[in-house]
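As structure tokens, one chain now follows by itself in the form predicted alone.
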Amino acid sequence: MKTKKFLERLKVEVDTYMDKLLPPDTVYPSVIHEAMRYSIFAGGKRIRPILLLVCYQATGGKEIEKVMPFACALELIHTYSLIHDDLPVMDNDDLRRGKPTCHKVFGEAIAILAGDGLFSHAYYLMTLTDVNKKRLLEAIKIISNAIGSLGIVGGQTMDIKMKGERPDPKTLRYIHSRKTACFISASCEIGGILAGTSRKKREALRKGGLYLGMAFQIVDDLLDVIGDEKKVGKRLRKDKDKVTYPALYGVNGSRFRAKAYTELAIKNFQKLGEASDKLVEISKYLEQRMF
């Protein structure tokens, strides 16, 4: 309960900043800004920006307001990826975060443009980050790799290509590490970069975030199989033709692996010393969010 309240408090802070940093829906052409805001404020846990902020503080960062634009940028990128992922040509979802998907409300063309708008605005927000420019450039390099063809785009590509194919461990790890874990890993590492942390601590954040991201995606796979649709906020039992952990290892085997990856994440985060407490709590909370 303590961790849940902590996450909810930071979520409110992130949402408050995003409301200020996004163009109002009254700005011409209003429909695109309305669609962008609709998808951003439809819900979401804000895990990626929260991880950046927690890692920033855990490695010596003092004023989160200075890095809040970059944290918000991560959520804009995440939401852009969800809008495009939900499109009929991709996963064809009609529900996201408990509400109709962007293309169901605004049509496919505006949904695509809303995703494009969020993605480009994210990079504008990064430039507003009030840190040493060398650190900022390094952070931008890390996030760009994590969300491009070597990260999210590559993972989503293989996710689509492997539909209906027999799952194998190597391909499964590739898809999950790229489409989810790389982004979460980057969120953690960037928090340390913006704080000016050491290479050693930065590596602990990178590895910890990668393992946390793997655990997070496995739990998402499990939620699709045994979750409550009302609580999850999206259509479930839709991944039966995809390469997933339950498809390869079953429910119990997937739970075991989610726990194992969580323990690896915690082991790496603990290299930060006492400053890792919040990251350890968050890791445990995310693994247990359905059990």
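Note that residue numbering begins at 1 and tracks the sequence as displayed. Since we're looking at a predicted model, the values are computed, not measured.
There is also a form predicted in complex with geranylgeranyl diphosphate (GRG); it is not shown, and the following applies to it.
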> For the spot marked by 78, 217 and 289, is every residue within 4.5 Å of geranylgeranyl diphosphate (GRG) in the predicted complex through some heavy atom?
Replying inline: yes
> So which stretch, 41 to 49, 249 to 257, 63 to 71, 27 to 35, is the one near geranylgeranyl diphosphate (GRG) in the predicted complex (non-hydrogen atoms, 4.5 Å)?
Replying inline: 41 to 49
>> Would you classify residue 89 as touching geranylgeranyl diphosphate (GRG) in the predicted complex, given a 4.5 Å non-hydrogen atom cut-off?
In response: no
> Do residue 153 and geranylgeranyl diphosphate (GRG) share at least one heavy atom pair within 4.5 Å in the predicted complex?
Replying inline: yes
>> Residue-level contact is defined here as any heavy atom of the residue lying within 4.5 Å of geranylgeranyl diphosphate (GRG) in the predicted complex; does residue 179 satisfy this criterion?
In response: yes
> Does geranylgeranyl diphosphate (GRG) get within 4.5 angstroms of any non-hydrogen atom of residue 102 in the predicted complex?
Replying inline: no
>> Just to be sure I understand the contacts: of 201, 121, 84, 207, which is the one whose heavy atoms reach within 4.5 angstroms of geranylgeranyl diphosphate (GRG) in the predicted complex?
In response: 84
>> To verify the annotation, which of these, 195, 139, 147, 111, has a non-hydrogen atom within 4.5 Å of geranylgeranyl diphosphate (GRG) in the predicted complex?
In response: 147
